[in-house]
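Let's start with one chain on its own, the form predicted on its own, as structure tokens.
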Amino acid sequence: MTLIATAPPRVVDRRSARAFVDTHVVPYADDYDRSGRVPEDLLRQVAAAGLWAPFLPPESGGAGMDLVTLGEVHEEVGRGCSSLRSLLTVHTMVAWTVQRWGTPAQRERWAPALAAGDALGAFCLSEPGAGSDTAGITTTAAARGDGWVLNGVKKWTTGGQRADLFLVFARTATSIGAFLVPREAPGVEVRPIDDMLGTRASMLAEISFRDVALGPDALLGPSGFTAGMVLTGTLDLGRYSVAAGSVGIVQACLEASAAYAAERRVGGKALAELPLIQAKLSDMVTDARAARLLLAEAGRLKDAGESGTLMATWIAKYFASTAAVRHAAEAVQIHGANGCSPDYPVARLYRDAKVMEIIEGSNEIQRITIAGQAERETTS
């Protein structure tokens, strides 16, 4: 008898996202972590579920999903596997940027493929000597004729081993420009980066660009406009997704810890009956709900087009990522030696959580930004 695989149902809300994750992700996430990559079969299932870019409008192949719902979906994916959520994050950043700032021709060429998962996107900003600081960018895009020549190296590119389209930020003669670079362009070289602390299956890579010739249609957004509007909006959406994934980590820690505490017995009592364990679980519940509310507020402001969403996202990402680190450590503590073994997911959650405090703007930068905004508000 021949078995015919059926496509998963389309994900349209938190409930359907949770069902997808529980079926296709949670049982295998530790295997992905050990192998260092998300398998092609899962990438195809993500595409069949419509998860790659559901926020794109229907005419571009998306579902027109609002950003509050997108945050809930990314939370559920982050609950199952931070590596997969990381791939969704960078793909979301590329797809959103093409839709928001692309010309009609750029949108026609790339948006449907990005929505369908036929082309996977990756975000190239960080370099060996520079992170989110655009002043440190050394990759250059030199005007040649009516096109561009790209030279430089980008590092820590999530999904870089697998991506088909790179969104590359490079220094032009007058500013920072954003460029759409197909993987197959001559001069593009991809070097895998393996054995990272966390999000080990996110297929990180170092991308080298050596005299990569690009046409005039590679430039995304008006030249000279990129460092401000394009990069700010793209990074903001990335932080929003990371905040959502961090909420997912807290929720995963809670679920794993509550289940373990109910089963594990010490001195004839279940761990869940011990006051200190109850305190840890109650803190997880409280912070998960608080982080979820902060995320929802940031999403609501995005959907309303309000500028306050930038600060709301900083706050949500800062709170959720620090909560993820704190509660992942407590989850390991509740599991004891088992929490340090590969047999329980909390070891992976512990490693993944730390990454959340670093990516899309370190928590130190976020604290400075949040404090600066508070000062401006109180002195204005």
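The structure displayed is predicted, hence computed values, not measured ones. When you see a residue number, it is the position in the sequence shown, counting from 1.
What follows is about the form predicted together with a small molecule, which we do not show.
Exercise for the section: May I ask you to choose, among Val46, Val355, Ala29, Met65, the residue with a heavy atom within 4.5 Å of the small molecule in the model of the complex? Expected result: For this set of options, the contacting one is Val355.
Practice task
Name the residue from Trp148, Trp156, Trp110, Trp96 that puts a heavy atom within 4.5 Å of the small molecule in the model of the complex.
Solution key: Contact check passes for Trp156.
Practice task
Would you point out which of 192 to 200, 305 to 313, 110 to 118, 72 to 80 contains residues with a non-hydrogen atom within 4.5 Å of the small molecule in the model of the complex?
Solution key: That would be stretch 192 to 200.
Handout entry: in the model of the complex, Asp13 touching the small molecule (heavy atom, 4.5 Å)
Key = No, Asp13 is distant from the partner.
Handout entry: Contact flag, Thr369 vs the small molecule in the model of the complex, heavy atom cut 4.5 Å
Key = No - in the model of the complex, heavy atoms of Thr369 and the small molecule never come within 4.5 Å of each other.
Problem - Tyr240, heavy atom within 4.5 angstroms of the small molecule in the model of the complex - result: Flag for Tyr240 set to no.
Handout entry: Partner contact for Ala19 in the model of the complex: the small molecule, 4.5 angstroms, heavy atom
Key = Ala19: no contact with the small molecule in the model of the complex.
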